[in-house]
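Form predicted on its own, single chain, as structure tokens, below.
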Amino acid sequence: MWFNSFAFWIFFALVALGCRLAGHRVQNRLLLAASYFFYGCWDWRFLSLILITTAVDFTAARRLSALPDGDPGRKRWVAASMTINLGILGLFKYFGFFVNELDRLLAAVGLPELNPGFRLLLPAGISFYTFQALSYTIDVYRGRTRPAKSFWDFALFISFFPQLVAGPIERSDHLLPQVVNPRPRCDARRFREGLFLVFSGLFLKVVLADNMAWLVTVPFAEPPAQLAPVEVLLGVYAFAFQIYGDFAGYSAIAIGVAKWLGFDLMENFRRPYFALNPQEFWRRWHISLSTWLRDYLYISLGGNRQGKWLTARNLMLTMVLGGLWHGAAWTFVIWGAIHGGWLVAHRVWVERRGEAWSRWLASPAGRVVCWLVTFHLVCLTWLFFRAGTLDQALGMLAALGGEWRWTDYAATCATLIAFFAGPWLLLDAWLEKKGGTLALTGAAWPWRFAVYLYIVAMLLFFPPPMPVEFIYFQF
């Protein structure tokens, strides 16, 4: 059930009406049933995995919180939670990858391959709700969150349907209190904010991302040696806007519909292509994942408290594992490693340049140069994210060194990127200047009307040739 389908909006209207008429306790039961129904529409068989995750983490948190600080049983319970959660995630997401790699190794040394003869399907959203569940148990262990008293309230925290399949990855100290306590009704302010988020999300997904998807297939379907450099570059630009529109669009709709239901989800994107360095990019892109990796992996490894070399190691490990979180392929590992190396290099550069670097960033020319460099480095790393194989990614990078010539595809791609992405980048630039994603909701009504009219017109007159599945559903 996609957010950009009529079926979803009929489903949501019924859920919202039921919540409007019901009291808090009944609302929670209705939302839990709706969330399980929503997930069951993808594949009802995998509901059992959500129930297992819910039962394991509810039990582990209750048991470890009942033990005094320093009791070794606390560590055993949190270790059991992590083992079961990561074991389920690893089995379904990485089993095929490791079997394939082991088969390649066995074949290289002349031994027979394993060839298990079956393939495990990847449950929708398993990486998202697993990380959300893990953060709850760890936060209870650290004393940041009190364990949930009601199993059903905790089950809603894990499976809340707007953010179940593709985030944001919520924290227990933020979302769980909103589940447990009575929530505000949808007033005029909440409606306006939700409306902007939903409309902007639909534009980003349907108009921007899905129209870019068909441009992206051209260079990524051709042998790299046959591509002109400009075709590779524009194809990567198209994918940069596709993945941004796709994922930021999903997050905006999720946050918007949750707001109409009385929930405030965390912001997941903050105009990432305006970043001036890699650190700022990760403060703006997939914020719920980047902060999760920081708080539960990077800091647990030691963060920046153990000297320069170990800080660099921690950054690299965090980003490599973050890349692996996205998918079971070497391309994702390398994508993460490049971002890790870039973060390390940026950290060293800032430490060495210090005051001179700050003065450079304060100048208009310095900011423009930093923006251009950051944007293009991000785009080039998207090559590894999108490519089907490592050879294809390296081949497309090599193609950038060929003869630069204008082609029909390049002309079409450049025109459509400017047409679909240009106006939205201007709106993003205005929001960046105002300093808030929801700044438009407080603007004068003629400006709001003009933006909504533009969005509706684009949705009506420039839909994609065919709808495209949300990219992050595969993660």
Partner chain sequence: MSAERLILCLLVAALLAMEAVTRLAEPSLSKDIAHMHTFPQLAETLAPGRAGVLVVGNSLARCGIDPATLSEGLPGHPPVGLMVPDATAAIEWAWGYRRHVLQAGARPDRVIIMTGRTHLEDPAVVQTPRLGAFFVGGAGDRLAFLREELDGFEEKAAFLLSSASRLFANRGRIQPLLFYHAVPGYETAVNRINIAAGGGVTPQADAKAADEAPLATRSRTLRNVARLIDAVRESGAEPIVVTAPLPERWSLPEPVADLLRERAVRVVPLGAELALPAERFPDGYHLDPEGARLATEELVRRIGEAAPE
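Residue numbers count along the first chain shown, from 1. Everything quoted here is computed from the prediction, not taken from an experiment.
Below: the form predicted in complex with the partner chain, not depicted.
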property: Heavy atom of R448 within 4.5 Å of the partner chain in the predicted bound form; result: yes
property: Close approach of A411 to the partner chain in the predicted bound form, 4.5 Å, heavy atom; result: yes
property: N304, heavy atom within 4.5 angstroms of the partner chain in the predicted bound form; result: no
property: Close approach of L49 to the partner chain in the predicted bound form, 4.5 Å, heavy atom; result: no
property: Residues H24, V198 and F247 all lining the partner chain in the predicted bound form, heavy atom within 4.5 Å; result: no
property: Candidate stretches 30 to 38, 413 to 421, 426 to 434, 59 to 67 - the one whose heavy atoms come within 4.5 Å of the partner chain in the predicted bound form; result: 413 to 421
property: A362, A356, V109, A221 - the one with a heavy atom within 4.5 Å of the partner chain in the predicted bound form; result: A221
property: Option touching the partner chain, based on a heavy atom within 4.5 Å in the predicted bound form, out of F191, F151, W404, F98; result: F191
property: Residues from 206 to 221 in contact with the partner chain (non-hydrogen atom within 4.5 Å) in the predicted bound form; result: N211, W214, L215, T217, V218, A221
